[in-house]
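Heads up, the chain below is alone and in the form predicted alone; it's given as structure tokens.
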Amino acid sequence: MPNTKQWRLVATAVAVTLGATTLAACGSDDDSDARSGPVSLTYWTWTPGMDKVVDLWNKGPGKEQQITVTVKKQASGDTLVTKILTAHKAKKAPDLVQAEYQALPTLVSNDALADISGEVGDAKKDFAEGVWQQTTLGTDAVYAVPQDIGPMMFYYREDLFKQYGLKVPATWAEFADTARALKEKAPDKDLTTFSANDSGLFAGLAQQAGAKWWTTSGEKWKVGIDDAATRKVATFWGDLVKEDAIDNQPMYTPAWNKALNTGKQIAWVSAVWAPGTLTTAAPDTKGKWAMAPLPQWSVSEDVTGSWGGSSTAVTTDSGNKSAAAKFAAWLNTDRAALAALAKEGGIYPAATGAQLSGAFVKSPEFFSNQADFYTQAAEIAKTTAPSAWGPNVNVAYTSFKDAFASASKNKSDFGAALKTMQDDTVADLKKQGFGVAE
């Protein structure tokens, strides 16, 4: 067998690409869990209020099973991935970790996550197929239990659309026409902005278009960031920026907040978690926004991308994998746990049964004018396109921010920026010692 790192990544990608159901990647042996007496587990997570959720476990099923979980709050993103891998090299990773979906291939390739299919396989029925696939990486193994998801949607100022006689775009062609129509009627306003400071947005748009950024050819990685689907997305947004049909300023800045709050920008391509952001960014617009499905590339399609989301995984360093897996399954499938996660952590649950219950029966307060908000959200979530992550997502994301920030600012060729992103990602894989198919 090739070295563990190379083989596990290739096996994972082959399974994802071919939809294999019988290919299992190398994994650590099941721990015997032949424990006698209480078990103490440590959980690294960034979710707000997780300690209150875990209290429910410790005072309920955890107490009955003598399994106590202690929360250790962490930073999110690449910072946590690096910390997990550093701890794993010393065989001191915690029992449980919160991991974004795009980080799972990196953690699995480094043998940091345990296969918990034997303990949590029954939980599959609680999740949409595309969501569950992200934690199996297309193999028979299960490396995590889905926790939250970020299906993408289109948000717009309902009052201003009516004022300017605009229709909610059903396709991206209509989206572009809407942007141009608004400019003609109100030159001082923009439909939205293209922002290069959050790579997840662009990745989700490419995902919706059918992009598969990482696949394999034999035992080599194949990087498809510069594929036809992603080029279509890049060209579409680049053309709108060049013709000044939309703005080109970054999100999450005081200027962006003001644009949303004053109606200078009247729409936002975002995800299910957008109401929370708008509450802070545009407080004066409460009750004036509405949500609709993401525009499609053709009228016959019904698919969305994903922007955000995470899972709960058990590490190979845990001496109590079965106990940890029981907690991971409870956390993300138990109704009381999911209700607490929504209340304390503000997450949108991956479990389908929780998407129309508890906190999700009533629309977000900011969207009180749209009674069917969460009903629509649950239907949209079912249409999430499959993902295709690889071992160096962080490098691709960093390259996107640099190359596209420059292209957006200068209104230059987005295709050239995409090629830079492709080249940087391939170069990094080669530097790490992976075989790369050209």
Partner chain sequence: MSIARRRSYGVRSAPYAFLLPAVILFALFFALPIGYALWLSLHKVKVSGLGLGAGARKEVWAGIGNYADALTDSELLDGALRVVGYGAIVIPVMLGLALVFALMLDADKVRLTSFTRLAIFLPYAIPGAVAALLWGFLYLPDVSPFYFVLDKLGMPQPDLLDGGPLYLALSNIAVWGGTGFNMIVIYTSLRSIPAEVYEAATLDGATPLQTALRIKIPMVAPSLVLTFFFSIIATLQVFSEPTTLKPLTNSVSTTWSPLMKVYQDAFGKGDIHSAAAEATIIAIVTLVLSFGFLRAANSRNKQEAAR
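Positions refer to the first chain, counted from 1. Note that the coordinates shown come from a computational prediction; the quantities given were computed from them, not determined experimentally.
One more form of this protein should be noted, the form predicted in complex with the partner chain, which is absent from this view; the next part is about it.
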Q.
Can you tell me whether Trp221 touches the partner chain? I mean in the model of the complex, with a 4.5 angstroms heavy atom cut-off.
A. yes
Q: Answer with yes or no whether Ile84 is in contact with the partner chain in the model of the complex, where contact means some heavy atom within 4.5 Å.
A: no
(Q) Given that the partner chain is not shown alongside this chain, does Ser406 nevertheless sit within 4.5 Å of it in the model of the complex, heavy atom to heavy atom? (A) yes
(Q) Test of understanding: in the model of the complex, would Asn394 fall inside 4.5 Å of the partner chain by heavy atoms? (A) yes
Q: Quick one: from Asn248, Ser270, Gln98, Thr178, grab the residue that has a heavy atom within 4.5 Å of the partner chain in the model of the complex.
A: Asn248
Q.
Please tell me which of Ser363, Asn197, Thr171, Ser117 lies within 4.5 Å of the partner chain in the model of the complex, judged by heavy atoms.
A. Asn197
Q.
Among the candidate stretches 253-261, 354-362, 119-127, 293-301, which one is within 4.5 Å of the partner chain in the model of the complex when only heavy atoms are counted?
A. 253-261
Q | Residues of 101-117 having any heavy atom within 4.5 Å of the partner chain in the model of the complex, listed in sequence order | A | Pro105, Val108, Ser109, Asn110, Asp111
